[in-house]
Each structure stands twice: as C-alpha cells, then as structure tokens.
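Read the single chain below, which is given as structure tokens and is the form predicted on its own.
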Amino acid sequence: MDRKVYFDNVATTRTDSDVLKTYKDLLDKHYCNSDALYDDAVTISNMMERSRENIAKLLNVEKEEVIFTSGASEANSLAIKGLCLRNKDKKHIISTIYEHSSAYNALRQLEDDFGYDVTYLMPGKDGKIDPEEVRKNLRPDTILVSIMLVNNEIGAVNDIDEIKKIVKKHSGTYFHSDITQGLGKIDIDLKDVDMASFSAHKIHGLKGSGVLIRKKHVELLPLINGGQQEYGIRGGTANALVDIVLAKTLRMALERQKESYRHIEELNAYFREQIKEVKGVSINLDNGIANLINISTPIESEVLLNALNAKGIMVSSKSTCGSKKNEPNRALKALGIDDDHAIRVSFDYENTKEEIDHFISCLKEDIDKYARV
C-alpha cells in the first residue's frame, strides 16, 4: 500500500491535537455527574455552562439557545420532529429532496406515521434551491421550512439568508437549517434562523458531540425524556466533558476559517486543473463549496473506491450515513447524474497539492486498468 491520502473530510475530520489533549486532561480528573450537588460535580457543571456561553457568543445567539446533543443527526431529528409534534395544529413542511439522511428520514417518518404533508423541493441545475420556490410553496398550514446550508454530496451552497427573509416576510413559519458542512468554512448569520444544527467532528472536534441552536421562542417536544438537562428539552446524563471541549473546537475552527478556506480554494482550483488531464472524468458541480468536489468517472464507484483504497487513498461515493445501504444518491439523482459512477473528494486545510498529484496519478492508473474509454 502506498502512503495514505485522506480525501473524505466531509465525512469526518481528524480530531485536533489541542482539542484531544484538553479532553484527555479533563478525563483524568472530572468524572462526576454534572447534575450532582457536591463540589466536584458543580465544578463540571460550571465548566459546561461556560462552554455553552462561549458557543453562544461565537454564534451570536443567547446562552439558553444552545442545546447540546450527540451530533447533527440528533439535532436535526430534535428540531424537525420536536417542533412538529409540539405544534400539531399545522401539518405542512417544506424541505428539499437532498437533505442529510437524518433530516430526510425524520421528515419521512412524520409523513408515514403522523400524517404530515412534506413538499420536497428540487435543486436547479446549479445544485441550489431557488428561494422563490420556497415562497411559492408556503401555505397557511406550513409549520416548518428546513433547508440545509451546504449539501454534503455535491457541495451546493444554498442562499439561506434569502430563504429566511422570504419565510419571515410571507409567513409565521419556523425556519431550520443544517449548517454542518458550512460551519468553519463560510460565514453564517443565524439572525432569523429559528433552529440550526451542527456536529463537532466536521470541524476537527470529537465524535458524539453537537449542538442544536434553538431560539427561545421555539417550543420543542423532547425526543429523549429525562430530567431537567438541556432546559428539559433533551434528557439524560450530560456528556459533559465532550460538551466542555466543543467551545474550544468551535473557537479554533472560526479563528482559522479565513486562512484555511483560502488554502482549500487553492486546492480546489489545482484539483480542477489537474483533473482535466484524466480521460473520461467530469466534475458534477462547478459552483459548490471549495472543500467538496463530486466527480464522475468511467469506472463503477465501488470498483474505483476499492482500487483507490488499495493504494491508501480514502474517498467516498456517497454520504457515510448511507454508504452501507443500497440507496440512490438523492442529490445526484436530482441533477440527473448517474450515481453509480460518481465519487466525492473532500479537502481540508491539512491536505496538499502533492496529495492531489498522487490521487490523479492513481486515478489515471485505475482508469487505464478498469475502464474502457
């Protein structure tokens, strides 16, 4: 096996060494349940609340609006099902056909088991959702509009600033956005966003760590029942140490955002130039977020992934949450692209042009070996 190249950063990122050290230092000393009343437990609870406060400041929201979760999947489910099941007088939802599986399957469950009517908007040729389509589909009984900021398959960046303006101007509907793939890469304004979800492990944090931003006027039905934790919205003993280090994770991601994204844009441009030299390969979206490029090749995705893996190159063909299921790639299908021959390449600030050169060289070899072009 050749040297390893990791080009699957939209699936997860390497945990930052400073974040990991802080977490390990906490593990050595702080093991108490943060809800207990003795001093050691109170110390942990106070650190957790300082983390909540710091996250709120970084995102320009209020402390009470930060709800710790196990990740964006739980946050998406809590936002969508928690809101709709708390407000059952309205049963129409607007979303997109290419939401992350955690959101999409929550919507399907509301349809199948609770009688909700969901309008799934289709992206245009540019991969984006037209804000005007949101306006056209708003109804008096629309309870929620849930549209992701950045699609995790093709990298399309939706104009949630315009979408939220339309939602607030033309209705009393709540607006939720999964901001996972945009956080730490592009600027995000959560004003007039009623709920937003993200995971720590996409920004060099710990897995099993995430947040739902839930504005104070939004009432949710708890999906996990328990005690008073997370303002009564999400029960269960807090994963306090993970929640504590999330503030540091987010701060570091936002501090390096400009510099790291500038480097990623250079990698994106370099990749696009080099891929032109590979026969039979096309890029599936021209205007997406810089760290994600979806390409089609003359080789079936599974064959190519295995061939690249044998050379130490890690890429994917679809979202990790659906990679072991024989399900169609909803984002590519919506654009009329054959998902059986598509792979997803995603960069991080730690990647290099030399790694791209190695990837291109291996891709050429595999196409020569397995494809008829």
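Please read these numbers as outputs of a predicted model, since none were measured by experiment. Each residue number is its position in the shown sequence, starting from 1.
Not pictured, yet referred to below: the form predicted in complex with a small molecule.
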Taking 4.5 angstroms as the cut-off for heavy atoms, does Lys202 touch the small molecule in the predicted complex? yes
Heavy atom of His100 within 4.5 Å of the small molecule in the predicted complex: yes
Using heavy atoms and a 4.5 Å limit, would one call Pro131 a contact residue for the small molecule in the predicted complex? no
Given that the partner is absent here, does Ser73 sit within 4.5 Å of the small molecule in the predicted complex, heavy atoms only? yes
Would you kindly say which of Asn291, Ser146, Gln181, Thr249 lies with a heavy atom within 4.5 Å of the small molecule in the predicted complex? Gln181
Location of the small molecule contact in the predicted complex, chosen stretch of 100 to 108, 137 to 145, 275 to 283, 213 to 221 [non-hydrogen atom, 4.5 Å]: 100 to 108
